[in-house]
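In the block that follows, a single chain appears as structure tokens, in the form predicted alone.
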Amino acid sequence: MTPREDHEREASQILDSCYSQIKDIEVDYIDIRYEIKKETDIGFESADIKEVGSNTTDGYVVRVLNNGGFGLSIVTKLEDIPWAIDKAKEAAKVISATDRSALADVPVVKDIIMLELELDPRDVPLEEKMHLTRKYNDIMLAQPEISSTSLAYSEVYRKKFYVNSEGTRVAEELMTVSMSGQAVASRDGVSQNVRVSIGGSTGMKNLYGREDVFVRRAEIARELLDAEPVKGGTYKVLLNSSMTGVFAHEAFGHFSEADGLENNKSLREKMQMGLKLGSDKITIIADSTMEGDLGYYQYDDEGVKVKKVTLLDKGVLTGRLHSRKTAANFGEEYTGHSVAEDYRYSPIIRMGTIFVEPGDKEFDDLVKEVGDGLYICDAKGGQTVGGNFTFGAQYGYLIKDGKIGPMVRDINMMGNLFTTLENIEAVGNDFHLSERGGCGKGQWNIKSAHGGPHMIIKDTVVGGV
């Protein structure tokens, strides 16, 4: 028997077992999700190894919809599922008194998906993973004026099984690997740090031969020791792909997640389909169907096939991300974006891969078009409150007379989403997506990839000295 046949047989057995638990339950709708999750972590702090470990967990999530009430229960043992169903039914009864839900109709699907990886991490010994992590950490630590480093290897393998009372049966494997950390440069009591990350969802192959990435990040940290803090003011800014991606994800993307809008009347009015929200230059797309990308998956945690969604088309709002519940609420098309961190959680609406679509401008032409302004690089945290945002950048450069000048640091970019969308003047023809994800909207999502091209925004407020 081939590995694929073994995989399909095991998946079918688990799906049969799960379905047998719910097939005779008399409610309007019921589903059950079973997940096996294996994590491997290795961590270095400067020359010292701080963590090496691996663990496997599993569990079941039961959801019941009855008389408009949606209830949920979570257990870790198959024999406890009848108890979980009873608890979910009780919760649905209580909730139906105050909150009534419906689900959008979706196709019934039956599918079993097996991972196809370039160097499967499960075939690589733990010692080799530790050796590679140490190697990259030592490369950063050996660079001039680097006083400390941190670097962590993370591997998350998820084996997901989903069935519902409508007849859908889906099994899918997901693998995410990354190395991430920082290099800290110090001189005369002054320290500067720069983050580093590599990874993806196609296996470990992308982690090898990346020495130049770690050297360059350490060099940037050292160069920041000579950089002046940026002067606060209003600038025309050129964002690199990291900053463009964070803007797309944080400032705009969360307002495209329908669960954040359904009970917010004022925001829902601002985000009506067909409204012109921004410049003709800006198109934003959510697309987790791109095979090989960090955010790639085929089915969400409601057994719905994920779709590519054009959220903003030349400044016009054209799409939104939905669960089955919000699709029914809004009367809009389901999109397959209801995702849970793991078996401990009910799915919520999440972005997978979101990006600004490339334009037609070469990088050098963008720099010339800025004239006098700032080139802002690599996101460093941020927050969005209402329609207003603040994003930090790891470093940047002054632009003078259309040429890139000295490095600057301590950069914070801030603004209002809707004003900023209108102020987008030009979009580059390059394109880059993040290799490591992370979004903390209620649950942690390691598959939240973002990116795009370089992009010019006029009249941007930048905090500094």
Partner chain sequence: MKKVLEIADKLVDEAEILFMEDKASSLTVEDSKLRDIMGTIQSGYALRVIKDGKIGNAYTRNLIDREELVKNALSSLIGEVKADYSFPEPAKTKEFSQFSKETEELTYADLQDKCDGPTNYFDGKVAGQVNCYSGMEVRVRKIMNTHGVDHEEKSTTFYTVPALVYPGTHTFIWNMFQTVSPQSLTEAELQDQLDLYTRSLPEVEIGSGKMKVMLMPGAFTYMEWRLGAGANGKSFYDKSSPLVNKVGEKIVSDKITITNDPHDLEWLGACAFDDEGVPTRKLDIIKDGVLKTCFVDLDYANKLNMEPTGTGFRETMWGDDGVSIPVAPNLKHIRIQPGKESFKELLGMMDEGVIAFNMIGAHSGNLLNGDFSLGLNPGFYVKNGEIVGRVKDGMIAGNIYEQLSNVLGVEDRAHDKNGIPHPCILFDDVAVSAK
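In this text, rigid core is short for the largest set of C-alphas that superpose within 1.5 Å between two forms. Numbering follows the first chain given and starts at 1. Since we're looking at a predicted model, the values are computed, not measured.
Just so you know, the form predicted in complex with its partner chain exists too; it's not on screen, but the next bit is about it.
The contact residue chosen from V27, V52, M407, I36 relative to its partner chain in the predicted complex is V52, the criterion being a non-hydrogen atom within 4.5 angstroms.
A heavy atom within 4.5 Å of its partner chain in the predicted complex is found for one listed residue only; from V108, M114, A142, V94, this is V94.
Across the options 115 to 123, 331 to 339, 197 to 205, 256 to 264, residues that bring heavy atoms within 4.5 Å of its partner chain in the predicted complex belong to 256 to 264. Site residues H131, E166 and S242 are none of them in contact with its partner chain in the predicted complex, judged by any heavy atom within 4.5 Å. Put simply, E291 is far from its partner chain in the predicted complex: not one heavy atom of it is within 4.5 Å. Residue contact with its partner chain in the predicted complex: N429 places no heavy atom within 4.5 Å of it.
Using a 4.5 Å cutoff between non-hydrogen atoms, G315 does not count as a contact of its partner chain in the predicted complex. Put simply, G232 is close to its partner chain in the predicted complex: some heavy atom of it is within 4.5 Å. If you take 188 to 212 and check each residue for a heavy atom within 4.5 Å of its partner chain in the predicted complex, you get G189, V190, S191, Q192, N193, R195, in sequence order. Superposition on the rigid core between this form and the one not shown places the CA atom of K89 2 Å or more away from its counterpart.
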